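Single chain ahead, written as C-alpha cells, the form predicted alone.
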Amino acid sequence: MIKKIFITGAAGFIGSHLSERIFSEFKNSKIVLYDKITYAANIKYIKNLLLNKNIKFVKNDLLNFKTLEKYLSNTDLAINVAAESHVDNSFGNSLIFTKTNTLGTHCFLEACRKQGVNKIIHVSTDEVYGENLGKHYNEKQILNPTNPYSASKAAADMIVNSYNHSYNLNVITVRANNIFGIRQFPEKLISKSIYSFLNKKKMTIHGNGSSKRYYLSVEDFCEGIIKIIRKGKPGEIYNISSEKYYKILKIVKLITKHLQIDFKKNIIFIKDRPFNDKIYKINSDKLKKLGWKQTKQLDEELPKLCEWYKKNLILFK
C-alpha cells in the first residue's frame, strides 16, 4: 500500500493535473504537494485538493534541501514534476534552468536517498533526445540535447542514471511529448496563441512556422504516470508519445478558426530561435505494453481549451 506520496511542482500546469489524478487514485494516501509558486504556477489550481485532510501543501524551493528531507520522511512514492520548461526563456536565462532542472533534481534525489523513498518517478522530456528526422526513438536512444532547456533536463537524467547505478535508487524516468491542456501559462505555443487572440493581440511565430511537434494531452500523460506507478519496472525509462504531429502554423490556424478570427491578419513572423529543432519523434511501445494508449487528439480538444481560457483569462492578468 502507498501510504504517503510526495509531488514536486504540484501547483503548476502538469503538476496540478497529476496531483488531482493521484488523489483520485489513492484517496487513502497522505499526499504532500510541494511547489515554490513561480509565475507559471497557481495555488488556485489545487484549492479543491487542499480541502482534504490527507493533503498538505508546502510552499518551498527544490533547492531547500532540509525542507525536502523533512517532508520526504516516510514517503512511499515521490514524483518530481517541478521544472523550468519554456525553451525561449532558456536561451535568455539558462542558469535558472540549470539550477531548477539539474541541481533541483539532484537535491530531490539525494533527499529521497537519505529518507529511503521506495518508489521515485522523475519527469523528463522528449527533447533530451534532440532533433530526430528519421525513425522514432525508443528509450535506449543516446541523449543529444540542442538547447539550454533540454540540456538541463538531460543533465538531470544523467544524475538519475548515476543514482540508479551508484545507490540502487531505481528511479523511473518519464519522457513525454509537448503536453497541452487547461491551466498552462500562456507562454507556450497553444496557450499563448489562445491568450493573445482573446486579448486582441497578434501571435508571433518563429521563422516560417514549419517546425513540427507532437502534442500529448495532460490527461493522457497522467494516465501514463498511473500505469507506471502500478506496473512500471524500477529503474526503467518510459516514453509517452502522441501519434500525430502538427506544423506550428497548422496549430495556430486551427486556433484562429475556432475563435473565428483572420489567420493572416493576426500573426507576425519573427526571427527564429538560435537553433530550432524541426521535430522530436519518440515511440511509446514500452508503455503500451503496460496497457497505456492515447485517447485524446489536439485538434479535437482545442475547442474546449479555447473555451476554458475565455472563462479564466483573469488567472493570467
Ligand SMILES: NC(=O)c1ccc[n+]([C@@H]2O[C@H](COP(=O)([O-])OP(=O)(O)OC[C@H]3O[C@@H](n4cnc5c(N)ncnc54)[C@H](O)[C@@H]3O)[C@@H](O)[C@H]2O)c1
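Just so we're clear, the structure is a prediction, and the values are computed from it rather than from any experiment. In this text, residue numbers run from 1 along the sequence as written.
As for the form predicted in complex with this ligand, it is not shown, yet the points below apply to it.
Contact annotation for N266: none of its heavy atoms lies within 4.5 Å of this ligand in the predicted complex. In the predicted complex, A83 approaches this ligand with a heavy atom inside 4.5 Å. By the criterion of a heavy atom within 4.5 Å, S217 is excluded from the residues contacting this ligand in the predicted complex. At a distance threshold of 4.5 angstroms between non-hydrogen atoms, I14 is in contact with this ligand in the predicted complex.
The single contact residue among N178, N164, S211, T173, judged by any heavy atom lying within 4.5 Å of this ligand in the predicted complex, is N178. For the residues V123, I225, C112, A156, the 4.5 Å heavy atom test against this ligand in the predicted complex is passed only by V123. Only one of 284-292, 29-37, 258-266, 245-253 lies within 4.5 Å of this ligand in the predicted complex by heavy atoms, and it is 29-37. By the 4.5 Å heavy atom rule, the three marked residues S19, K70 and S73 all fail to count as contacting this ligand in the predicted complex. Although this ligand is not shown here, in the predicted complex the stretch 51-68 places heavy atoms of N60, D61, L62 within 4.5 Å of it, in sequence order.
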